[in-house]
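Take a look at the structure tokens below, where one protein chain is shown in two forms, each on its own, as structure 1 and structure 2.
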Structure 1
């Protein structure tokens, strides 16, 4: 009979358990304070099995951040949003971002904690941020097509402001009325464009 600490787990299950345990421990204690032994114990696998899947603890960290990227699910949300009113569309997108940030609280905690200490993580964080800005910019351009002719750099600035504010209220701060803040932010951002009726 197979127990939690034997290597007879299905390969994908063992890998997933390692990733889950590492994600939780990195978020709670930080990368440097988390040992591979602690990860193995939390995952219920032998310590050596970690290095079967990941050549180093740093590779484990970068794999978590790469494979559990919320951009994929948010891209799907953007593709499926069929709202033509820019205000409603941006409020809906903001709500999806806030929900994704809540669901991925451990990942965001890891990114915020580790990007200052590890160059690779900083690079990954900046690349991820830019991918989100491209996604939001593209969405805003589609929303405002034919309604305004703002230069692309204005659209990018709007997307950057939109994303940064969501990160602040979704991760760093916990405002008493986040929905009101988001509505005010969207109104201010859209107010910067001369939108044709």
Structure 2
């Protein structure tokens, strides 16, 4: 931060290494299946040191989710996304969301895995979901103002469909190239099947 010749990457602190290791292992094997010993090994620290920085194993979990709250940056991204046509706008928004989901895929995986066991995590998970539904809904409303006469209720339903599809595709299905999936989803959301029946 001050007069170091080398950047902070090699001087990574033990606390950070512990959090990183815990995050990876919690996402891969789950909270209960991950031992503090395994975390210490992956972090390259002795197992006792974990309990110098954190009072308990569970504190590791809550700290990860508190300090590394994902998707904050998306709020500001959405502000800037006032592109011309709706299709391009939705494609861009979806790509940003997919990018954020994948960059924080470990955090998302932890939320999806553990929200049934720990009430605080469930609260955080559902609050986050709600927050983003609101964010996407208001964006879609601005985007389609005057161009679409659907009631507000459907704007929200569209936001749900948008978000839930991205989550399942990005975190569970996890294809190497999600571009095609995003494009298909956006086209369905915009035009549906335009049934003539």
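As the structure is a prediction and not an experimental result, all values here were calculated from the model. Numbering follows the first chain given and starts at 1. For the two forms, the rigid core is made up of the largest set of C-alpha atoms that agree within 1.5 Å on superposition.
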{"property": "Selected structure - criterion: the form predicted together with the DNA", "result": "2"}
{"property": "Large Cα move at residue 51 between the two structures, threshold 2 Å, rigid core", "result": "yes"}
{"property": "Exceeds or equals 2 Å, Cα of residue 40 between the two structures, core fit", "result": "yes"}
{"property": "Is_shifted residue 167 between the two structures (CA, 2 Å cut-off, rigid core)", "result": "no"}
{"property": "C-alpha positional change at residue 19 between the two structures - rigid core reference, Å", "result": "4.8"}
{"property": "Between the two structures, how far the Cα of residue 31 shifts once the core is aligned, in Å", "result": "3.2"}
